[in-house]
Ligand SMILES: Cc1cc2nc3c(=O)[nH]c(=O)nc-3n(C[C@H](O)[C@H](O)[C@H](O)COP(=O)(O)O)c2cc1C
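Just the one chain here, laid out as structure tokens, in the form predicted alone.
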Amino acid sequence: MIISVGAHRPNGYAPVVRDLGTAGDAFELNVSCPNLDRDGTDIGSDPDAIEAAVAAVRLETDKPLIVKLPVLASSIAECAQAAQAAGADAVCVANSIPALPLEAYTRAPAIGNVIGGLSGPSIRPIVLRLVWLAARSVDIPVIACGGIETADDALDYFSVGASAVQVGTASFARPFAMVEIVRTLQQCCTDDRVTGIRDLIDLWRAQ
């Protein structure tokens, strides 16, 4: 079980992890939260804030730490490197994209919070680029997250350097989406007589 932890200041993550104690098997630090110490700037867009948050949490636990990075960062590579330098075991790229949907006739905000997170297949090409950049910049695993609906979508992310993927939006419409994706990936490996996804990608590139 991976527990997602959010906070509104870089020093807010460590107390939560401390209070959780032995709960869970790993922690995912959602650093896409607005930093109230910096006029609402995302913690995850500031490498120094990421490093401070992760370093503080690292002192509280020896469990695996995943840092979930935002899309809107000036340099996803620098943010990933900051997480790695502070002791993260992996980074997740990326969170949803802040968006403002409007009602068709009133032009009023369509959701009560005004700003929401855009997710699903529309953001996949954007996140693919970020995963590619992050994977080239760090030695720790990059977990890809953004618009994965099929095994082909997952393979796209693996081909640009992801070590694993998360499936979110697709699961709301199809609760068994992840199971379908895993089974299809297994079948692809069986059909091409390879033992793993990396071997599968290497085989395709060699053709």
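In this text, residue numbers run from 1 along the sequence as written. Given the structure is predicted, the values throughout are model-derived calculations rather than measurements.
Absent from the display: the form predicted together with the ligand. The rest refers to it.
- Partner contacts here mean any heavy atom within 4.5 Å of the ligand in the predicted bound form, and among 47 to 55, 164 to 172, 178 to 186, 134 to 142 they occur only in 164 to 172.
- Although the partner is absent here, G120 lies within 4.5 Å of the ligand in the predicted bound form, judged by heavy atoms.
- In the predicted bound form, the ligand sits within 4.5 Å of a heavy atom of A94.
- In the predicted bound form, none of the heavy atoms of S159 sits within 4.5 Å of a heavy atom of the ligand.
- Proximity of N30 to the ligand in the predicted bound form falls within the 4.5 Å heavy atom cutoff.
- Residues C145, G146, G147, I148 are the members of 134 to 164 with a non-hydrogen atom no more than 4.5 angstroms from the ligand in the predicted bound form.
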